[in-house]
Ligand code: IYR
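In the block that follows, a single chain appears as structure tokens, in the form predicted on its own.
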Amino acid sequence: MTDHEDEPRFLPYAQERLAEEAMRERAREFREEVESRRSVRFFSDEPIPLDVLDDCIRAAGSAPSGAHRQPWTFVVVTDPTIKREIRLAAEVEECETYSNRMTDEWREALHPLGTNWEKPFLEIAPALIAVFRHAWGIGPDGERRTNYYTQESVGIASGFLLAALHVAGVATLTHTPSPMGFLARILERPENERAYLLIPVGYPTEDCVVPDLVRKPLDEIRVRR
């Protein structure tokens, strides 16, 4: 291999090989941890350490991505004025969705969750993380360049982020008001960024409740061939 700058570079990689019992223990512990995660809609306004969010975002940024383009931006919002503006804009879209866009089947599917168009948690939670997908990239000279598998890449990174936040001890919610164009406007994001997900982050209230849901058993989600 030549030393030209445009040649791919490779580094040695050695992952620790665990004994089988250690593998089983780690897998079990992680499963039990993430199984306890729930989507929360009742947040305390108590502040959370922002450096913890930074580490969780670093973890999200380690996710694999198409051609290693890393097509994501994570905007952390703590300013009360901006949070209120986001809430009001989201509720406009949610009110329209619940009133006119939803089918009866959709409403029936949401009924066990007890949701409606009002989203006070967007203002109460001490932090919001807005995840943006880069529809295209911008090169070092400002030229437009193609990104690959951006939906899949940002989805994987968002999963990393949710798991990291949960392990760090804060509650989250995956909020997707549709359409979400208002987020790019309010947060002054560039033309190539598309709002992908809005994540309220914080501690749950002492009287927080969540829907009584049952997850599918392993035999319904895993197939061996």
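Numbers follow the displayed sequence, beginning with 1. Fair warning: this is a prediction, and the values are worked out from it, not measured in the lab.
Keep in mind that the form predicted in complex with 3-iodo-tyrosine is not shown, yet the notes after this line are about it.
Participant: Would all three of Thr73, His134 and Arg189 be in contact with 3-iodo-tyrosine in the predicted bound form, where contact means some heavy atom lies within 4.5 Å?
Facilitator: Negative, none of the three is within 4.5 Å.
Participant: Looking at 75-83, 109-117, 148-156, 135-143, which lies within 4.5 angstroms of 3-iodo-tyrosine in the predicted bound form, counting heavy atoms?
Facilitator: Careful reading of the contacts points to 109-117.
Participant: Ok, Arg194, Arg69, His175, His166: which has a heavy atom sitting within 4.5 Å of 3-iodo-tyrosine in the predicted bound form?
Facilitator: None of the other options qualify; the answer is His175.
Participant: Does at least one non-hydrogen atom of Val92 fall within 4.5 angstroms of 3-iodo-tyrosine in the predicted bound form?
Facilitator: Val92: no contact with 3-iodo-tyrosine in the predicted bound form.
Participant: Please run the contact check for Leu88 against 3-iodo-tyrosine in the predicted bound form: heavy atoms, 4.5 angstroms, yes or no?
Facilitator: Leu88 lies outside the contact set for 3-iodo-tyrosine.
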